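Starting off, we have a lone chain in the form predicted alone, written out as C-alpha cells.
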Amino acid sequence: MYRGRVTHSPLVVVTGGAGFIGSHVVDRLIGLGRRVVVIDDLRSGKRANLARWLDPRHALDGAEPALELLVNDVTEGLFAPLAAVTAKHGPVDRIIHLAAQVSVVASIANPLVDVHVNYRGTVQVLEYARAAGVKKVAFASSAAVYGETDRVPVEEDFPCRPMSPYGIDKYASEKMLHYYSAVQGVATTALRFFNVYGPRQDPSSPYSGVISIFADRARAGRDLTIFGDGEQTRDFVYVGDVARAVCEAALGDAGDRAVMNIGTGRETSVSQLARTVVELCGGRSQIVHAPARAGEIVRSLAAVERAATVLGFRAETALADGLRATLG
C-alpha cells in the first residue's frame, strides 16, 4: 500500500486528467509529491479543472509547475506527445488511463467511435507502457461490464454480460490489460468504477450522473424527475474516494492483473437520493415521476472486499457528506 511522498518526482502520466475524475486524481498525485503529465484532448475535460497546478506559483521543489498538460488524443499514441517531456524529466514511471468516451447512450448510437476511443486508446497506452518500460498501468473500467445481474452485491468473479458497446469495450480493454501483463510483462490493475459523483461533474453534460443533475436542479428550486418508481438502486461513490483508490492501485505494487470494484458496498435508492438532495438544498424542489426507461438496471451494488484486501481501500465518505461537498 502506497502512503509516502517521493523526493525524486518520477513521472506519472494521467490520460483524461482534465476531466471530472481525472482532475481529482491529479490533485491527489501532486499532493503526494508526484510530477504529473496530463494527456487530454479537452473535448470533455476542462483546462480550468487543472488551473491551479498549471500556475508557476504551485511549483514542485520550487522549480517548475508539478503539472504539464499535453493537449493530445491518446488514440493517436503516446510516443510523440511524451518525447519532449521524457527527454527533460526522465522516463514515465506510471500511467493512469482514464481517457474515455463515457456515455453508454452514445456508444449505442455510434459503436465505431466507442471502439476507436475506448478500446484503441487503451491499446495505445499499453503499447507505450510496454515499449517504455512503465512500471504500472492503472485502468478505469466500469460496472457496465457486468450488465444485468441476478443478485447483489456484484462480485468481480460474476459473469460479465455487458449490454452496450461501452461495457463491451471496457471489458475487452480489461482482457488486453491481462494480456500485456501476462505476456508482455507490464503490471496492470483494472478498477471497475460504480456510480461516481462529486465536485466538477458537469450537470449540463449528457454524460452526467444523476447526482450532478439532481444537484443542479435542486439548487435552482426546479423539479427533480425520477424515471420509474425510484426504487432502483445504485452504489454512489464519492470522487475523492475514487481518486484515493486509483492512486493506491497505480503507485503501489499490489494488484498486478487484478480487477477490482470501486464502490462503497452501500445501496441507495434513487428516491432516497432525491429526497436527500432536496433537503440539503432547502426543500424548494418537488420530486416528480416519469415512465421508466427501457433496459435500466434495477439494482447495482459493489462487493468491495477485494479492493480492501488487495489495496487496503475502503470508501470513507458518507453519502450526505459527499453531497454537501458536491453542492458546495
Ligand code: UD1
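Quick caveat: nothing in here was measured; it's all calculated off a predicted structure. Each residue number is its position in the shown sequence, starting from 1.
One more form of this protein exists, namely the form predicted in complex with the ligand; it is left out here, but the text below deals with it.
Exercise. Is there a non-hydrogen atom of Glu64 within 4.5 angstroms of a non-hydrogen atom of the ligand in the model of the complex?
Worked result: No, Glu64 sits far enough from the ligand in the model of the complex that none of its heavy atoms falls within 4.5 Å.
For this session: Answer for Thr149 alone: is it within 4.5 Å of the ligand in the model of the complex, judged on heavy atom distances?
Result: Thr149 lies outside the contact set for the ligand.
Problem set entry | Contact flag, Ala106 vs the ligand in the model of the complex, heavy atom cut 4.5 Å | It does not: once the ligand is placed as it appears in the model of the complex, Ala106 has no heavy atom within 4.5 Å of it.
Exercise. Might Val270 be said to contact the ligand in the model of the complex, defining contact as any heavy atom within 4.5 Å?
Worked result: Answer yes; at least one heavy atom of Val270 falls within 4.5 Å of the ligand in the model of the complex.
For this session: Taking 4.5 Å between heavy atoms as the contact cutoff, choose which of Ala138, Ala215, Ala143, Val186 touches the ligand in the model of the complex.
Result: Going through each option in turn, the one that passes is Ala143.
For this session: Consider the chain as shown here, without its partner, and state which of Ala258, Val85, Val115, Ile226 has a heavy atom within 4.5 Å of the ligand in the model of the complex.
Result: In short, Ile226.
Problem set entry | Non-hydrogen atom within 4.5 angstroms of the ligand in the model of the complex for each of Ser208, Arg234 and Arg293 | Judged in the model of the complex, Ser208, Arg234 and Arg293 all sit within 4.5 Å of the ligand.
For this session: Could you tell me which stretch in 130-138, 71-79, 226-234, 116-124 has residues with non-hydrogen atoms within 4.5 Å of the ligand in the model of the complex?
Result: Residues of 226-234 come within 4.5 Å of the partner.
Exercise. Is any part of 73-97 within 4.5 angstroms of the ligand in the model of the complex by a non-hydrogen atom, and which residues would that be?
Worked result: Not one residue comes within 4.5 Å of the partner.
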